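Only one chain is shown below, in structure tokens, and it's the form predicted alone.
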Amino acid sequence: MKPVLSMREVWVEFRLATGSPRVKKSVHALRGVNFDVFEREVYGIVGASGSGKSTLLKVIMGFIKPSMGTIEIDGINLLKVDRETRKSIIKKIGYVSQNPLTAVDPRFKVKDIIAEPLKAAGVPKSDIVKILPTLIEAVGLTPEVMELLPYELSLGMLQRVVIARAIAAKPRVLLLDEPTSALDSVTQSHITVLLRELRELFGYTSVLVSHDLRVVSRLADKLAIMLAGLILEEGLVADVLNRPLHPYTQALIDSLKLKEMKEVLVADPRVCPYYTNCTQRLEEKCRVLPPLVELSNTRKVRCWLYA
């Protein structure tokens, strides 16, 4: 079976200004990221702020250009095609960002916000009028909201509108960037249930990133743990939760909340990013970054304890 979405050796480097105009500091937001997402699969990525998970989605969308690597959708490398071909492929990707307030034009009514991808796909206006009520109902809203402006909605309602827009054109891939992080706990629960229902209804192929392990574990099939631009562990959700291999994953699951974990930023990309905090480190050996070892068809880990 071929993957719907595939990333191979994707690197993203940001050049930061320093006190000297002649000196630039390099920060690697992504470091050789590899993963595959198959038909109807939800691939979850958990990482603290600054781990690179949102950058990863922006690279897929074309908002950020990677330093190197390949990104394929249905076998087509997005970084090698001409601009028009890439635009046509990007139209097949639905995107839900972290903050619904910044994801919509405040001047647009709800019906116009949801209709955006349908218009871009060339759907006739008469068909859009017929599709909109179905989309509104699918995300648990009433037809009356179609005439409202964003400021007239609660954050939870607005996020439902953003989700409706993302699924409007029946995307090939759905990207979910912290879809519940801007919401209160009750609304988070409602949106999580909605996403699960939509997944069962439409069978989307999705990439879901979040700092909240609990949200991802409820929605994803596979789980990847990210730190400092690296995937440290990958496996089926149940396997990772019940038998975490990497010391960072073990600490994460013990704490239950990734936001309680202190991320260790390592300037030297050759060093394991969890070296300083790791209680299981092998001293000198762990000063060298280990490879991502494939232990089985569904299990990978980047740790010298298993390499």
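Numbers for residues come from their place in the sequence shown, where the first is 1. Owing to the predicted nature of the structure, the values given are computational and were not obtained by experimental measurement.
The same protein also has a form predicted together with a small molecule, omitted here; what follows describes it.
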Problem - Contact label in the predicted bound form: residue 49 to the small molecule, heavy atom within 4.5 Å - result: yes
Exercise for the section: Give a yes/no on whether residue 59 approaches the small molecule to within 4.5 Å in the predicted bound form, heavy atoms considered. Expected result: no
Practice task
Answer with yes or no whether residue 42 is in contact with the small molecule in the predicted bound form, where contact means some heavy atom within 4.5 Å.
Solution key: no
Exercise for the section: Indicate whether the small molecule has at least one heavy atom within 4.5 Å of a heavy atom of residue 29 in the predicted bound form. Expected result: yes
Problem - Answer range among 31-39, 51-59, 236-244, 66-74 for contact with the small molecule, defined in the predicted bound form as heavy atoms within 4.5 Å - result: 51-59
